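Read the single chain below, which is given as structure tokens and is the form predicted alone.
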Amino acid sequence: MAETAPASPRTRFAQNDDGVVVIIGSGAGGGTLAHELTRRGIRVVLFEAGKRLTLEDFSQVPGEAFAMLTWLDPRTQSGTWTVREDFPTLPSWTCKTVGGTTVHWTGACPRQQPWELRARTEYGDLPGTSLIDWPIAYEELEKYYDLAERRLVVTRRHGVPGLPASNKFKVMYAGAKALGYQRVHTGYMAINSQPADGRPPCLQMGFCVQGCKIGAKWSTLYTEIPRAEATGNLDLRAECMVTRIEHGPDGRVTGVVYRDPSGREQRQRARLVCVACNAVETARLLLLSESGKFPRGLANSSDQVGRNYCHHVGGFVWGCFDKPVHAWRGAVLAGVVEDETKNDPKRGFVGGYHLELAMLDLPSLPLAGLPYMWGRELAAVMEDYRNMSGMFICGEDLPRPDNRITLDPTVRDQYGLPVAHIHVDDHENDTAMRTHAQTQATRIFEAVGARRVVCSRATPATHNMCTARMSADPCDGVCNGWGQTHDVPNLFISDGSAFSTPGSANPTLTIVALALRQADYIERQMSARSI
């Protein structure tokens, strides 16, 4: 069984030690980067605002798990997206725990497509968007995809068998094949299909987003972080929330201000700082770190911090059948239709989407899957729960300059700091893509006898991206192709905030690949004493 706690005494570095690397956030980006740097002999202080849990702590009672793992600090929102109406207090569903959102993610690991890294070139100058091309070539990213997939033991890659076909996958597969789709399989999943990496195979219990009780699903909580601690070079500070990044007269960062588990304000000096707080909180922290030198927020001379917020075109499609499916069994997202992952403007929109398996537990279905439905209509769907199957749309939304994270002018957190405000207006391309995806998912279910299909509206954002994006031109973004900020050479962006555009793939694999690549660069730069 996977280990979630250190086997040796905890390492501590002095708060006035200005030779350490500070990493803020312990999820896919921060946790991976911490392991990569510490195994190279680099001393790291890793900050995490949430608690450190063990596999035994995880609960398969949905409400308990939600309260245990979720970032519940207040956030506000505005815009025309339907999340504002359906989920007024939860515009973004992320985690606040050691391991970050790798604790509650579903394990899906598709790759970005080559043309998705050239979105501005591929799609053209679309009105209302702020599209740019990535400043790195796909061939460069591909090398690190290989490394990331081996690290995460991704199924259907490098000889790793796929996960078994669940009932809900068989429904999807039969319907998709009836429509002529060809690329239909149980997905590229960071969930063990056989014993690997010291972790057991998946038992097909479901409950993936409540925390994997046996550790079959990859998470930095019980892979990267314990291994980093074993080097003796990691000082993990859980329940410590960083509230500000400080800099000196030359503009280079010098350390961070944080609240310790007792709520007391502390400081940690640093040689360099890597921010991996998930795209909402990463943008918020940079904006909170404003100063006379950076009046609009740290590393924000371009005014791009917080802008271009992307979250994927999403939504559930539920099919109701005459016979039981028992769709809650099996890995939640172990099934995908990839045929629509293409750029074919003849469909009425640019970019592509995945159709992925999905299922919600019974208590969460009306809350997260059908929040706009009431009365007899909702009761009729709920009575069909045993006979239901579900799919989720995951499509490329387009960056827009006014879709952004800002600081709320009135709402404050427990430390008196402005909370993140999320503004989203759907682009007409997003709306057209969602309509097309809902139509195709409906046709899949109807092809295998669904007597009723119900489509949800947009869901709270779980894929948060692009708010501190990489750019070749410093005026277009926040950091360069290595995640190194244009304004501050010893400040790095190490999570999905750095994506130039979102693509249509679930983002975790790309975050890990970029973290592996960034670790190579940081080591070289530190050795050369460039940072």
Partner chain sequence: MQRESSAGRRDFLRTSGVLTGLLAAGSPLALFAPSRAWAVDLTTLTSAEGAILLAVCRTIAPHDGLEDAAYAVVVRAIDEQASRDESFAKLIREGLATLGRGFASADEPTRVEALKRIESSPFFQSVRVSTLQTLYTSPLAYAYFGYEGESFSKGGYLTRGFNDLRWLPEVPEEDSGPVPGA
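Numbering follows the first chain given and starts at 1. Since we're looking at a predicted model, the values are computed, not measured.
In what follows, reference is made to the form predicted in complex with the partner chain, a form of this protein that is not presented.
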Inset, instruction - Spell it out for me: taking the partner chain in the predicted complex, does every residue among L163, K323 and W328 have a heavy atom no farther than 4.5 Å from it? - result: yes
Inset, instruction - Have a look at 302-310, 375-383, 96-104, 421-429 and name the one stretch with heavy atoms inside 4.5 Å of the partner chain in the predicted complex. - result: 375-383
Legend entry - Contact test in the predicted complex: H158 vs the partner chain, heavy atoms, 4.5 Å: no
Inset, instruction - Classify P62 as contacting or not contacting the partner chain in the predicted complex by the rule of any non-hydrogen atom within 4.5 angstroms, answering yes or no. - result: yes
Legend entry - Non-hydrogen atom contact K170 with the partner chain in the predicted complex at 4.5 angstroms: yes
Legend entry - Non-hydrogen atom contact F207 with the partner chain in the predicted complex at 4.5 angstroms: yes
Legend entry - Position in contact with the partner chain when the complex is considered in the predicted complex, options L417, I136, V448, A230, heavy atoms within 4.5 Å: V448
Legend entry - the partner chain: the contacting residue among E239, D408, D361, E246 in the predicted complex [heavy atom, 4.5 Å]: D361
Inset, instruction - May I ask you to list the residues of 174-204 that have any heavy atom within 4.5 angstroms of the partner chain in the predicted complex, in sequence order? - result: A174, K177, V184, H185, T186, S193, P201, C202, L203, Q204
Inset, instruction - Might you say whether the CA atoms of A67 and P371 end up closer or farther apart in the predicted complex than in this form? Their distance differs by 3 Å or more. - result: farther
